[in-house]
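Next up: a single chain in structure tokens, the form predicted on its own.
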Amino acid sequence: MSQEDLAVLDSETRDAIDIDRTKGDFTFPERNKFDAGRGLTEKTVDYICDVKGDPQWLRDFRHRALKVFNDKPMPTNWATKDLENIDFDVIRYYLSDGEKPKRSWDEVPADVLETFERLGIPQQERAFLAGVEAQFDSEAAYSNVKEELTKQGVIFVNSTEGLHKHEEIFRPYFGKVIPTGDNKFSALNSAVFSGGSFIYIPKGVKLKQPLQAYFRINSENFGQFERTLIIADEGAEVMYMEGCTAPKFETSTLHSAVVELVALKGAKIQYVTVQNWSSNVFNLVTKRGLAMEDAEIRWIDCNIGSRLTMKYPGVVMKGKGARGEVISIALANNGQHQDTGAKMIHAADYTTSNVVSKSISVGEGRSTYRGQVHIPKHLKGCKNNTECDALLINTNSRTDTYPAITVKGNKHSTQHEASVSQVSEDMLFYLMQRGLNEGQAMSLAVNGFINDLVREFPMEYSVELKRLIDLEMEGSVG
């Protein structure tokens, strides 16, 4: 943007647009002590088990998952055929320097520390977080939670540590919300998962500050497969925030995570994601929560970047009076396909779900909404509201909507609204009369489209989100 352009903007807008394009696009030389090599075989799974010291039951679990992955066909009967371009034989499935996660940033290796400092993670921890986990390729490099929370019994560690030190809490829920055979990519994750978070919030403990995990890919031809399990005991409350970046490589990179949430009676879990992958990443993630009686699970999800994202956060409302919500924003730019949505499964009386999804397609970008709402006949008093809005910026932009709503019986209330719109020439004309150029006017219009959802994000993330939107909108007109 020229100095002349900047001169007509107020300082807040200038700050939003003056963003460092290279924030996530950097890498350091690899120094891995453990490398599982390329390709996925039983030997790969055994290598990971040996390095991590997995117990026999987990080794068996991984091998069963590998068989499921190999047996399941690629889901191109309903999803994009771009999935066929993933070459599983060239991907490296485990990379680690062999170091245990540090409790102090001073102990983190210098290049890893510089990576997370450039991404602003230590500063965020000091400013407003209750705990942070920072993962570098396959393993966490840093993991820490405030001492007073530890004294209250809060557990926030990586999945390996959770498995080894807290198996009695971890194992009963692990793989139960999302079974290995749920889909091809949950099976892949189950076979080779490493890293991710394990969180347990004891009964009645309500965290006032959020916990955060940040996942960083540093190596080329790499697959990152973190596994996260969050359990909020009765009456507990937690907000968890997740961020991700990867540098731009010429070759494709794979990110395939599994996230399971369990909210016991009266508990609340809020899971906030802002993903800004580089344009070479296949981002294939399975996320689902289980909400018991009077419990609440909210997914707040923003997807920017990646070559292909497939992600449909869901809530199974298993207890009477449970609530589920998905708030999502997706922005698809040139060469990108954001295939996102939500699943709401009502499995108890008087359960309530809400889905609000907004997508923006820029240039030749493609956004897809896939939704599933299921309310069986034997239940009563269930409610669902689904709103799905798409904004097309250019004539070659594309959006698709595939809602699947199954409601049986006559004792329920459901509502579904969908819209597709374009930024009108009149709107741009009026904004340009206020001194903005066409690109700035378009950026303002797009931010207006999603403004009501951006307010749902924590303040620190909403600022980042607006900056990312502005960046993506540069050069979008024409």
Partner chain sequence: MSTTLAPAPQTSASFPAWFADRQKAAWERYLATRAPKRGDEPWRFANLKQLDFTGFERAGKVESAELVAKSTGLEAPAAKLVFVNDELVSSESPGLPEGVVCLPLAQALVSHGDLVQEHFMKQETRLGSAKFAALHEASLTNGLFVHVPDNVEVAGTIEVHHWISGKNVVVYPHTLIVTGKHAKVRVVDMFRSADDAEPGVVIAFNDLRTSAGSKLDYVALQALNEQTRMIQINETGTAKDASTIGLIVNTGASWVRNESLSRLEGPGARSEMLSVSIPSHEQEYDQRTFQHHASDHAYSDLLYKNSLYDRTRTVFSGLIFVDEGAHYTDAYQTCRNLLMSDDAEANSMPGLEINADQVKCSHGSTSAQISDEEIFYLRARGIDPVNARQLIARGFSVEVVERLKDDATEELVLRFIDDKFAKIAAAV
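The model shown is predicted, which means the values in this text are computed figures rather than measured ones. Numbering follows the first chain given and starts at 1.
In what follows, reference is made to the form predicted together with its partner chain, a form of this protein that is not presented.
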| query | finding |
| --- | --- |
| Option from 59-67, 448-456, 37-45, 406-414 whose residues, in the predicted complex, bring a heavy atom within 4.5 Å of its partner chain | 406-414 |
| Three-residue site T273, S278 and Q336 fully in contact with its partner chain in the predicted complex at 4.5 Å by heavy atom | no |
| Residue (of L284, A134, V355, I393) lying close to its partner chain in the predicted complex, criterion heavy atoms within 4.5 Å | I393 |
| Answer option from D349, E117, D400, D111, heavy atom within 4.5 Å of its partner chain in the predicted complex | D400 |
| Interface membership of A418, its partner chain in the predicted complex, 4.5 Å heavy atom rule | yes |
| Exercise: S104 in contact with its partner chain in the predicted complex, heavy atom 4.5 Å | no |
| Partner contact for K176 in the predicted complex: its partner chain, 4.5 angstroms, heavy atom | no |
| Partner proximity in the predicted complex: E425 to its partner chain, non-hydrogen atom cutoff 4.5 Å | yes |
| Residues within 4.5 Å of its partner chain in the predicted complex, restricted to 72-86 and counted by heavy atom | N77, W78 |
